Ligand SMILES: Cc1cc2nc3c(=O)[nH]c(=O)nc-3n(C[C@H](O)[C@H](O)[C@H](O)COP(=O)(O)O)c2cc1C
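One chain is shown next in structure tokens, namely the form predicted on its own.
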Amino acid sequence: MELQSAIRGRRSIRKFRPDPIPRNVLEELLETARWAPSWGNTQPWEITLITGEPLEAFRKANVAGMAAKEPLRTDVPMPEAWPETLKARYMGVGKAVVTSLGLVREDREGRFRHQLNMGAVFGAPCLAVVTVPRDILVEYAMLDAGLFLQTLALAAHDRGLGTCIMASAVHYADLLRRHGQIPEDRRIVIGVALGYPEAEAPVNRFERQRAAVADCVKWVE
């Protein structure tokens, strides 16, 4: 796939087919993604791939925690406030998602079901969990993790796979440690739903928005 097409065509997938991803395909994706840049070539990331019965067990536990509205237990603090411009973008994509699902604002039950579906990582057959060492400067490590994530997402798109980078997959870090066998000395950063997209699902086809270059670029000449 041509690079420009991959960058513009990649999108968050929120409905997956149940088909498992062959092990050799996952290995090829990781072989590509490991070439992502990092600060001083430190490559602080470690990736845990959860599939099969461990993933099903995590899904159930994660959904149960969300359904019970348990307090978050994340390794990385979740943002509590956004500047108005960023909040508007966040609200905009949320509205696009629920509209594509045929949900109206008053349908609280339907919206709650959607939230629980997020907790179930949208039915993806694989959850990739990105971690960094707990005892290093987290800001640089998070930058490196983001570079790895983008590389992984583009590599997956190139192979006909879809991804969704999901905070809701790491709301309860203790559950991921238990079901993903992740040690305490790793800081859990984010989860990535990975699988084959349901191509015709409206939630995977709505029009996406991006800020104009003029909104996010400053020229100093």
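Predicted model, so just to flag it, every value in this text is computed and none were measured. Each residue number is its position in the shown sequence, starting from 1.
Below: the form predicted together with the ligand, not depicted.
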Do all of R10, M118 and F122 end up near the ligand in the model of the complex, with near meaning a heavy atom within 4.5 Å?
yes
Should R205 be classed as touching the ligand in the model of the complex when contacts are defined as heavy atoms within 4.5 Å?
no
Contact test in the model of the complex: C164 vs the ligand, heavy atoms, 4.5 Å
yes
Using the partner position in the model of the complex, report whether L49 sits within 4.5 Å of the ligand, counting heavy atoms only.
no
Tell me, yes or no, whether R210 is in contact with the ligand in the model of the complex, where a contact means a heavy atom of each within 4.5 Å.
yes
The stretch from 23-31, 167-175, 57-65, 37-45 that lies within 4.5 Å of the ligand in the model of the complex, judged by heavy atoms, is 167-175
Only one of V93, V104, L137, L143 comes within 4.5 Å of the ligand in the model of the complex by heavy atoms, so just point that one out.
V93
What are the residues of 171-201, in order along the chain, with a heavy atom within 4.5 Å of the ligand in the model of the complex?
I190
